[in-house]
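Taking the form predicted alone, here's one chain by itself in structure tokens.
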Amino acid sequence: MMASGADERMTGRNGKRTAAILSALWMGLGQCYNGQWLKGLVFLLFQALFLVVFFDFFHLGLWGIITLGEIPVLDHSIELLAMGLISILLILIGLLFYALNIVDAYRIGALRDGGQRPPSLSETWKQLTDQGFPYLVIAPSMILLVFVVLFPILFMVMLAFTNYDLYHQPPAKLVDYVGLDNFVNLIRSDLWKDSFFSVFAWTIVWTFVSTTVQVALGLFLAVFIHQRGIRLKKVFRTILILPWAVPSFVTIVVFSGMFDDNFGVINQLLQQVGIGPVPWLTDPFWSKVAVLLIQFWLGFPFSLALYTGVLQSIPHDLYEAADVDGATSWQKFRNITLPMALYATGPLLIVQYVGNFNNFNVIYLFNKGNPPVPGSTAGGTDILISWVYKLTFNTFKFNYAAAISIVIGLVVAAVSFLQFRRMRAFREEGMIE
């Protein structure tokens, strides 16, 4: 006896392929073919509404991101660029759901090919909440992250390839794509290369000196207080941790007044001991020294607290064994304390280096990156991130600010990636418990 058409579909081998093809033609058709009519109609209606609601937006956005407008005043290049990026993100999200729809149709079709009954709507919902609950929970936040985090990054990247600056302000003027000109000018143009390499070099020096000294100072004080025979350890720790308890911006502003060339208490004290006043705020070299000293003050309490906890976790048996072997204090520090401390705090050290690479607060609150440097678009103490701020809000060089931001991101990402991979703390998780 021949099977009916429906039965043939139930037991046929190509049902899954047919369902997938139908869902690829239009969302929901494959589900309807599999007998899941309600789910199929919901998918079908979802695609129809998606296209109806966003079609005009997609059309204008995709045209805008390619052309950036054609008629000044009428077309706003930056708004078109933003619309284009949003359109692409929405299309990608839509394609993700489209792919999931095809996979779902293929999976249900495979069940039917095997002679099984497709799950009902309630069974589908139960399966979704049981097996896909984590994805349901994080899905809204992931979609939000796409527009809150990913969109600004993509927008910045796109600006780096345009001529968007003070002289190309839409809608009065159109913005155009300029390719890699902004990056090339940073390293070849006489106007930009000196400023860029000077600020980049100072940023590297600032990062390594400020972070290394604050870490070394915190470790030294922690080891010193941890020694046997030191009394009033809690008092020392409380006093040394106090700079961390004061809000950093308050500390920086107070130090800015103390380092004032004319009225600052530091120059008054230096004069009393026979040392002339130091141009802390007007000389680039001494301004750099001042911001480094401030960062040492702000940063060492954290390292002190961090290494105090690490030292207390090192087994005393190791030191007792070293004493039996006749090891000196330096040998015990070099072979026991320092490796164990660095092993436990390695990832945090990277975080501190990266944080100081982009430490905007100290530079800007102390003297706003000043003093000015003749022939340079950056101040004497500007690091890359504070220079980006000035280019964006003072001189409206949005294109160069975006290009420099990409350089910052690449440097931070590359250093972090390489260092994290080299960290034993990441390769040998569970060594310290």
Partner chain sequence: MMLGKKWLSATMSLALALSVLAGCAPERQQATTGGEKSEKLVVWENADDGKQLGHTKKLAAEFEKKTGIKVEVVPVAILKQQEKLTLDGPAGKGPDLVTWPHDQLGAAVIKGLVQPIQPDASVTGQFDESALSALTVDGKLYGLPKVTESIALIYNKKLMPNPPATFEELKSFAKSYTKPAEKKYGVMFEINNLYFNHFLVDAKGGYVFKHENGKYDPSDIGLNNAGAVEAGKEVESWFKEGLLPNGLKGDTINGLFKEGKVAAVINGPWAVLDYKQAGIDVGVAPIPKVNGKDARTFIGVKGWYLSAYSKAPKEALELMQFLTGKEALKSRFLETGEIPPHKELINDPVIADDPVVSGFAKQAAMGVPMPNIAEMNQVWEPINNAFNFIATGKQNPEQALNDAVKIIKEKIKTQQQ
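Just so it is clear, the structure is predicted and the values come from calculations on it, not from any experiment. Positions refer to the first chain, counted from 1.
Below: the form predicted together with its partner chain, not depicted.
Chemist: Only one of Leu62, Ile408, Leu365, Leu38 gets a heavy atom within 4.5 Å of its partner chain in the predicted bound form. Which one?
Modeler: By the 4.5 Å criterion, the partner-contacting residue is Leu62.
Chemist: Taking its partner chain in the predicted bound form as the reference, which of Leu242, Val137, Val265, Val73 has a non-hydrogen atom within 4.5 Å?
Modeler: Checked against the cut-off, the match is Val73.
Chemist: Could you confirm whether Ile91 comes within 4.5 Å of its partner chain in the predicted bound form, counting heavy atoms only?
Modeler: Result yes; Ile91 sits at the interface with its partner chain in the predicted bound form.
Chemist: Does at least one non-hydrogen atom of Asp176 fall within 4.5 angstroms of its partner chain in the predicted bound form?
Modeler: No, Asp176 sits far enough from its partner chain in the predicted bound form that none of its heavy atoms falls within 4.5 Å.
Chemist: Are any of the heavy atoms in Tyr400 no more than 4.5 Å from a heavy atom of its partner chain in the predicted bound form?
Modeler: Looking in the predicted bound form, residue contacts with its partner chain include Tyr400, since a heavy atom lies within 4.5 Å.
Chemist: Would you classify Leu44 as touching its partner chain in the predicted bound form, given a 4.5 Å non-hydrogen atom cut-off?
Modeler: So Leu44 does not count as contacting its partner chain.
Chemist: Only one of these stretches, 314 to 322, 268 to 276, 95 to 103, 209 to 217, has heavy atoms within 4.5 Å of its partner chain in the predicted bound form; which one is it?
Modeler: Careful reading of the contacts points to 95 to 103.
Chemist: Is it true that Gly132, Ile204 and Asn358, all three, sit within 4.5 Å of its partner chain in the predicted bound form, judged by heavy atoms?
Modeler: No, the whole trio is out of contact, none within 4.5 Å by any heavy atom.
Chemist: Across 170 to 196, which residues bring a heavy atom to within 4.5 Å of its partner chain in the predicted bound form?
Modeler: Pro170, Pro171, Ala172, Lys173, Asn185, Ser189, Asp190, Leu191, Trp192, Asp194 sit within 4.5 Å of the partner.
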